[in-house]
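Two forms, one protein chain; structure tokens for each follow separately as structure 1 and structure 2.
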Structure 1
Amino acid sequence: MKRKAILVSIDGLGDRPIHELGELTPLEAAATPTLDRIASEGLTGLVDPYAPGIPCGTDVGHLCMLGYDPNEVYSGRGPIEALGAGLEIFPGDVAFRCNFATVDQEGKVSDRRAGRIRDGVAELARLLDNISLNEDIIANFAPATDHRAVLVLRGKGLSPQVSDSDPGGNNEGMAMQKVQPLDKTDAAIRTAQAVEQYLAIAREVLGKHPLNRQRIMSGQLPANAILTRGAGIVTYCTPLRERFKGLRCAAVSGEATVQAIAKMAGMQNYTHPGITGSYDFNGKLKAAAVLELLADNDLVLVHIKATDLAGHDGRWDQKKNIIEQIDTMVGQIKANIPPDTLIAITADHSTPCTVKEHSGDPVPAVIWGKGVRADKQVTYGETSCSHGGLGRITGNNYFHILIDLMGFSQKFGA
């Protein structure tokens, strides 16, 4: 018998003890009656999204969460971001994940996210789109979520084997990195030169734009440069409905990366202007969307990005508050689902507030529903879940356990 399930992805949920919270994590310190109730009646454990001790990105974390092996289907963040941003990408194209950023006159990065700029990015992106570079290369550019964007290079003889111009997290104050070929092929050299040419054009265009002048006058950081990273080429995933007996799937997310992963997995993407990938994620609206999609789908993924943002910003107080909002959202979902529906709650990675970056710490996980073997844990938190009946497993394992409980797994052997 088939059962439906809701998969709640709380981005960057895992954390480490915070002194100001009495050596508890933001999740452990938060008031979460619904999550605790689910844990007390469900099966808990810890999940290493990819593998123990290895930090992974939102893209890899969600591929694992949906049962894919990133070693087989992952070829860089760029193509995933391009798909999420609605850009066409063809074999031979090279795509890059980008940030609007703030740099000084010497090219040193003051802020990798330009103050998390949101307003006006579409206007800025239009000026950076469809630009002709040397050697018949065309650069296409599109905004993604908030300060994020996507660059796609199209032309003959390109390669994703080039380095990042982004100096990386927690490295404000460093200069933009020169894009270098990572091998000695003509294609890699040609691609690195094209990216460098594009970044120079972007700095010139953005530096003159009235929006950035207005931002400076109002005390905001200008978006006067583009940082590139995660070069990759197009890849293919076998849709979930082909892997698991016609499994019908949908996703609710305001974040372009997760929307792209969902599209790669053959899931229906739900969009609404009120659903964002930022702090104002509107849990009530997301819960309503989940319940609406559940009528015609077997599995509905709902993603919340705000916890990850708070981790990157080092805001343990804000992360705690967001978790409490998520608890309310899950309570709204739980109160209105059909009685035989499963609820699975986990994360794509940890983003500890003391680190301000993704870490290799495992994330807490739970599966709840009628017929699920409950363990003896009574709260949903990192320490409590470490004693749960799921044990410590990978994200891929977690998804297959959920699929089996739903009745969509296939027997291995005769």
Structure 2
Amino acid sequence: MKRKAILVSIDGLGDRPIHELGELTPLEAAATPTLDRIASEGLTGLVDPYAPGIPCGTDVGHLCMLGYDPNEVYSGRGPIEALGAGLEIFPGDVAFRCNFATVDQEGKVSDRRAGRIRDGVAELARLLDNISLNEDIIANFAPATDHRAVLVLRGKGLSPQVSDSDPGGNNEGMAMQKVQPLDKTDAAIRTAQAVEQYLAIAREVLGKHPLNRQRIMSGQLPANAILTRGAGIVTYCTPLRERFKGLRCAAVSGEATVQAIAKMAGMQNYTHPGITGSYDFNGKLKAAAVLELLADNDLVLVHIKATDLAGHDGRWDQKKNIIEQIDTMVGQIKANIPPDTLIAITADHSTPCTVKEHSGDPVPAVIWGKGVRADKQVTYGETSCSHGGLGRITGNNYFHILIDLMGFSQKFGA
């Protein structure tokens, strides 16, 4: 018998004990009657999204959560961001993550984010899109969130083995880096030259744009350069539908990265202006979207980014509060699903408030539904799940267990 399932991905959920919370984690300290009920009736455990002790990015964490091997499908962050920004990307293309930045006359980066520019970005991006470079290379460019954007180079003989022009995270005041080939192939040399040519064009176009003159006059930093990083190529992912007996699946997420991963996995992306990847996620709207999608899908992924944001900001109070809102959202979903539906709750990685970054700590996980083997744990938390019946498994294991409970797995042997 085939069953439907909802996969709740609570971004950066896992945490470490917080002194102010009486050495509990935000999840353990939060009032979560629905999540605890699900844990009590379900099968809990700890999930290492990729492997024990290895911190994952949101991209890798979600690839693993959907049963993909990131070593096979993952090459740089560029392609994922490009997909997220709505750019098409084909095998052979090379994609880069970009920032609009402020660069002074000597070529030094005075702000890697051009004062976190937001307004007018779409207009600037349009001028940088669809540009012909030497050797029949075409550059496509699209804005992403705020000061972020993506660049896709298309042409013959390109390579992702090129260095970043972006000097990196904490290096304000450093020079913009020359893009270098990282190996001795013609493709890497060609690609590095193409990026350099593109970046020079971008500086010229942006430097004389009226929007930047206005910004300077009003005391804002101009977006007068593009920085590139994370070159990568797209790799073909076999869609979930092909891998698992025609599994129909959809995703509800307000975040570009997760939307991109969902697209790679062949999932339908549900979009709605009220569904965001920010602090004020709309749980009610997400719950309604999940229930709507469940009518025509077997698996519905619902992703909440706000927990990760709170982790990065070190705000355990906020994180606890968001988890309580998620509890309400899950309650709304649980109250309205068909009787045989499974609910799986996990995360793509931990973002402990004490670390303010992704960590390698495993994440608490649970699978709930009629006929699922229950264990003795009665709450949903990092410590209780560490004693749960799923044991300690990988994100890939977890997804395959869910797929099997749904009745979509393939027998190995006969």
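For residue numbers, the reference is structure 1: its sequence is counted from 1. What you see is a predicted model, and the numbers here were worked out from it, not measured in a lab. Basically, rigid core = biggest C-alpha set you can superpose within 1.5 Å across the two forms.
*Asks:* Do you think the form predicted in complex with a further copy of the same chain is shown as structure 1, or as structure 2?
*Replies:* The chain shown as structure 2 is the form predicted in complex with a further copy of the same chain.
*Asks:* L151 and E255 - when the change between structures 1 and 2 is described as two rigid parts, are they grouped together?
*Replies:* In the two-part motion between structures 1 and 2, L151 and E255 are assigned to different rigid parts.
*Asks:* Rigid-body rotation of the smaller part against the larger between structures 1 and 2, in degrees?
*Replies:* Rigid-body rotation of the smaller part between structures 1 and 2: 20 degrees.
*Asks:* H147: how large is its C-alpha shift between structures 1 and 2, with the rigid core as the superposition reference, in Å?
*Replies:* With the rigid core fitted, the alpha carbon of H147 is displaced 5.3 Å between structures 1 and 2.
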